[in-house]
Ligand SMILES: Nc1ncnc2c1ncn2[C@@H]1O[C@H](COP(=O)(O)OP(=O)(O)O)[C@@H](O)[C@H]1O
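Consider the single chain below, provided in structure tokens and representing the form predicted on its own.
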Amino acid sequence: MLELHAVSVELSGSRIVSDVALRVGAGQTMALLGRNGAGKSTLVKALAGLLPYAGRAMLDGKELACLPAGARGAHLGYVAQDPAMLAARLTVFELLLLSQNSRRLGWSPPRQSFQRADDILGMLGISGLAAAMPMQLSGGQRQMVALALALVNRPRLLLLDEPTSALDLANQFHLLDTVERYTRRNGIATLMVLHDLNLASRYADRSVLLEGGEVRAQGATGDVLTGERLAQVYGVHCHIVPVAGRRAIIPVELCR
């Protein structure tokens, strides 16, 4: 379970995120939503340990900021918008082995590391990429490899920053279906930044709507994504209609 209490983030003297409070239960997925510049990615980067923050961020009762770097890496998985860390001159499979054994002395991965790498690649349907160098892959393939690296250590918290931005429609569904199943089956907390409101409606149990770094609404996704609220925050009139047992959000026009 992830709990944030008055979490704020400042960059270059400007407050980007202000007093965010939220709770993501075990087995739940929460979407961070809002316009560009709302503070979504900044908040996720702070939780991933890439930016300092004020306030409290608790994972299963432990303060994230107090965890040593190695321990934090074992507790959470992070997928950035642009997985630049995949520039290493290692194959995908070697990266998965290294991720599991970065704190070990010497280089003799145990047998279970090989099996876990195989399992993750198979679960994501990318076993064929095991021997490839990441920089040889397409943006969408690198995004899937980044997710494999985030999951291979069995994190308790999964942080995804626009994970579908480089994926075609079928692979968007495949990635988020996989994340949804993994989250529920393993009882972890997943927090993901999304721009596509229909993906949020389909996959997020709960959503937080940010504006100017502050929480404007949060709760069950269906309660957050109302036509009136979307018009207020995004400045767009939307129709929300039932489709195949789900809610489809159809942008209509800019608010005048």
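The first residue of the shown sequence is 1; numbering continues from there. Quick caveat: nothing in here was measured; it's all calculated off a predicted structure.
Although it is not shown, the form predicted together with this ligand is what the next lines describe.
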Hey, in the model of the complex, does A21 get a heavy atom within 4.5 angstroms of this ligand? no
Would A48 show up as a contact with this ligand in the model of the complex if we use heavy atoms at 4.5 Å? no
G27, heavy atom within 4.5 angstroms of this ligand in the model of the complex: no
Contact of R56 with this ligand in the model of the complex (heavy atom, 4.5 Å): no
So which stretch, 215-223, 39-47, 201-209, 60-68, is the one near this ligand in the model of the complex (non-hydrogen atoms, 4.5 Å)? 39-47
Each of I16, R35 and Q81 within 4.5 Å of this ligand in the model of the complex, by any heavy atom, yes or no? yes
Just give me the residues of 1-26, first to last, that have a heavy atom within 4.5 Å of this ligand in the model of the complex. L11, S12, I16
